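One chain comes next, on its own, written out as C-alpha cells in the form predicted on its own.
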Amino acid sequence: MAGTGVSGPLAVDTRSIPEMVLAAAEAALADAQTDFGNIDAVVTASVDLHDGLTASNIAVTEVVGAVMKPETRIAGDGLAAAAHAACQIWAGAYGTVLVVAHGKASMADQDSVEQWAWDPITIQPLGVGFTVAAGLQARAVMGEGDPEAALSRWATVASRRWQAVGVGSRPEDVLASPVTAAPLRALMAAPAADAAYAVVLTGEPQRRGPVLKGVGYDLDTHAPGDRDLASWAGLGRAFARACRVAGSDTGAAFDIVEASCRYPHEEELVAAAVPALADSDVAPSGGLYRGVAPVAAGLGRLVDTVDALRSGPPARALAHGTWGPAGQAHAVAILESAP
C-alpha cells in the first residue's frame, strides 16, 4: 500500500470536536493531494465515555465526509482504526480510506471519567482510575528489585522525554514531583491533551509515500487481576500478527519506533514484549509527552512515524497504540519508506 496523507496534533484546543476534526481531515487531504470526493470510505475512532455523547461519531459524520458514504467507528485507539482501514483496502473493499481519531481531555477530569470504564460491580465502587492501574503496574514491573534504582531509571527516561518536547525537567525534578499513584510521580506521566489526527490510506499504485506493510492488534482481559500486569503480552501478540501480515521476521530490526508510552515503566514493557526493540529509542520525538489525547494518541504515533520516514533515508518503522487500563489493548503498524 502506498500513499499516506497525514496531519499533526492540534494540541490543547478551545474549538469544538467537529471543528478540530474538520481541520485535521482537511490537512490530511491536502497533504495527500486529494479531496473528499476521492475518499471511498471513512473509519473514525472515538469513545462515547470520553466525549460525553451517545454514538460520539455522529458528531463528526459530516466533517469527515461520511454522509451517504461507508463509515466504520472504532471504539478504541486511532491506530486500531488505521489497521481496520488497511484491512478494508487489502481486502479490495475500498481503494482510498480516510482515518480520523479525536480526543478532548480538557472537557472533564480524566481520572473520574476513566473510573466508569471499569466493571460496575467489582471495581467501580473502589474509585479506581487508570492512574491507579498504572501505579499498580509500575509496582509489578519493579518487582523484587531495588525500588530506588527503578525510580532513578524511570526519572531519567521521563526527563529525556520532557527535554525532547522542550520542557527542561531534570531527573531530580521528576523524582521531587508529587506521588500520584505509588510509586509513580506526577512528572513521570505524559500530560493529557486535546488533539485530532487524520490519515489518508490508499492502495492506488500511482501514489508514492511510506508503505504500510503490516498491522496487528490484541485485546487482553479487562480486569487487571486476571492478567500479568508486569507484562504487555498483548503487545507481543499484536506485533507478531503485524509481522505475519508484513511477511517479516519478528527479530528484524527497526530504524524508527514510535511507541505509545505514557509512563517510563511502559517503555520497559515494550522492550520486553518486543525483543527486537530492546536497543531502540521507542519515542525519539518525545512520544506522548507532547500530550495524550484520549483515543487519538496511537494515530498520532503513526503521524510521527510517517513524518520521520519522509524526512530521512530509507528505513523500516513501527508505530504503536494502546488503550484501556494498564495497556489492556494494543495496535501495531509496520511501515517502510517508499520504494
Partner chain sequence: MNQQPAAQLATQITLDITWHYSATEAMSRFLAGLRERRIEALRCDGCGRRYLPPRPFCGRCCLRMHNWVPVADMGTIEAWTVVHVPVLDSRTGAPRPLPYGMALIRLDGADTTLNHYLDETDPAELCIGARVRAVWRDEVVGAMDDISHFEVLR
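Treat the numbers as computed from the prediction; the structure is a model and nothing was measured. Numbering follows the first chain given and starts at 1.
The discussion below concerns the form predicted in complex with its partner chain, not included here.
Student: Only one of 113, 233, 240, 211 comes within 4.5 Å of its partner chain in the model of the complex by heavy atoms, so just point that one out.
Tutor: Exactly one listed residue reaches within 4.5 Å, namely 113.
Student: Quick one: in the model of the complex, does every one of 13, 50 and 65 get a heavy atom within 4.5 Å of its partner chain?
Tutor: Looking in the model of the complex, the three residues 13, 50 and 65 all sit within 4.5 Å of its partner chain (heavy atoms).
Student: Among 270 to 278, 310 to 318, 296 to 304, 56 to 64, which stretch has residues with heavy atoms no more than 4.5 Å from its partner chain in the model of the complex?
Tutor: Selected stretch: 56 to 64.
Student: Since only the chain is shown here, I'm wondering whether residue 26 would be in contact with its partner chain in the model of the complex (any heavy atom pair within 4.5 Å).
Tutor: Looking in the model of the complex, residue contacts with its partner chain include residue 26, since a heavy atom lies within 4.5 Å.
Student: With the partner left out here, check for me: in the model of the complex, does some heavy atom of residue 108 sit within 4.5 Å of its partner chain?
Tutor: Residue 108: contacts its partner chain in the model of the complex.
Student: Taking its partner chain as it sits in the model of the complex, is residue 205 near enough to touch it, meaning that at least one heavy atom pair lies within 4.5 angstroms?
Tutor: Although its partner chain is absent here, residue 205 would stay clear of it in the model of the complex, with no heavy atoms inside 4.5 Å.
Student: Would residue 104 count as touching its partner chain in the model of the complex under a 4.5 Å heavy atom rule?
Tutor: Because a heavy atom of residue 104 falls inside 4.5 Å of its partner chain in the model of the complex, the answer is yes.
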